[in-house]
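Only one chain comes next, encoded as structure tokens, the form predicted alone.
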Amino acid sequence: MKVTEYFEQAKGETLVSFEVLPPLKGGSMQAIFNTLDPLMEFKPPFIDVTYHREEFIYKKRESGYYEKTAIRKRPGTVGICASIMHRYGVDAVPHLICGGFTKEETEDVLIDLNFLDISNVLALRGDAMKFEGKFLPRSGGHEYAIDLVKQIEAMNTGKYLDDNIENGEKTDFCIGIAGYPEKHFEAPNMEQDMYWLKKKVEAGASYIVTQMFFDNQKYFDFVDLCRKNGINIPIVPGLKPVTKLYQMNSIPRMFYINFPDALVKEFTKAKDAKARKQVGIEWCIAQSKALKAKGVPCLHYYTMGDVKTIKSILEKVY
């Protein structure tokens, strides 16, 4: 079933969903089950699985020279989605990214997903490669998320990359996209961010999942701005508890977001790691309750493998 259909059936009730990362290459599906098993009591209708582009490493050859080699450290997104659906009977939402994939490779993945009856995807540009100053698409790949959305929507009408295909199978993907309550870091201003967000909606996107944020007012302002710009699809808030001191620096640097002064103050004055973690948990609980009280369509939690923390939050919210 489509993500948007779950929202419609909920009739104002706030659903819950989770995002998981594929295990590192060499790991097992049990790592995913260990994360999700304790959370299934909260009845998520769908679970997101991230996609990861290749990384480059340098391997030393017998000659003594180093060879630049591409590796994908977290493969398996499609298989993980199929396994989640089989084990739990819930829908899986694979992330699709521009980075590291050609249009043909993207089409092949979409065909696999269609054959597996996976009817939801989250279309993202993806991040730049490490040590690259900006995002660079793979040769023959998409440069922007809107182009990925257009390709998926084209397949929904039966149009494939090969123009010789007539009467192609029409897929029926529900397309999600990302939204940034504090502005995408590459956008010169919020006006331009809104412009391209609306273009993605016009291209076929059906719902938005936001980047994590720690000030609910940022989310509410973002929703208001979307509505004023004619973006009327569901907007799902993305949440992650901050639990470690180093995250005070790493999260703003990696995700281009800000922490509220009140959270920073409470976090830094906590006496030890246990106390700091509790501050982060309580903050996320308060965020979740306030968002739920406003009737948001769903609370989407970035688990990052920390199942105990996420469960402790949900026990207070649901």
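These figures come from a predicted structure and were not determined experimentally. Just count from 1 along the sequence shown to find any residue number.
Below: the form predicted together with flavin-adenine dinucleotide (FAD), not depicted.
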With the partner left out of view, is F173 within 4.5 angstroms of flavin-adenine dinucleotide (FAD) in the predicted complex by any non-hydrogen atom?
no
Just to confirm, I84 within 4.5 Å of flavin-adenine dinucleotide (FAD) in the predicted complex by heavy atoms?
no
Does Q211 make contact with flavin-adenine dinucleotide (FAD) in the predicted complex, using a 4.5 Å heavy atom cut-off?
yes
Taking heavy atoms and a 4.5 Å cut-off, does E186 contact flavin-adenine dinucleotide (FAD) in the predicted complex?
yes
At 4.5 Å between heavy atoms, only one of the stretches 111-119, 141-149, 241-249, 223-231 reaches flavin-adenine dinucleotide (FAD) in the predicted complex; which one is it?
141-149
Could you tell me which one of K218, R74, H95, K103 places a heavy atom within 4.5 Å of flavin-adenine dinucleotide (FAD) in the predicted complex?
H95
Check each of V90, I235, A178, V201 and return the one that places a heavy atom within 4.5 angstroms of flavin-adenine dinucleotide (FAD) in the predicted complex.
A178
flavin-adenine dinucleotide (FAD) in the predicted complex: within 4.5 Å of a heavy atom of each of A123, G126 and Y302?
yes
Do any residues of 1-33 have a non-hydrogen atom within 4.5 angstroms of flavin-adenine dinucleotide (FAD) in the predicted complex? If so, which ones, in sequence order?
E19
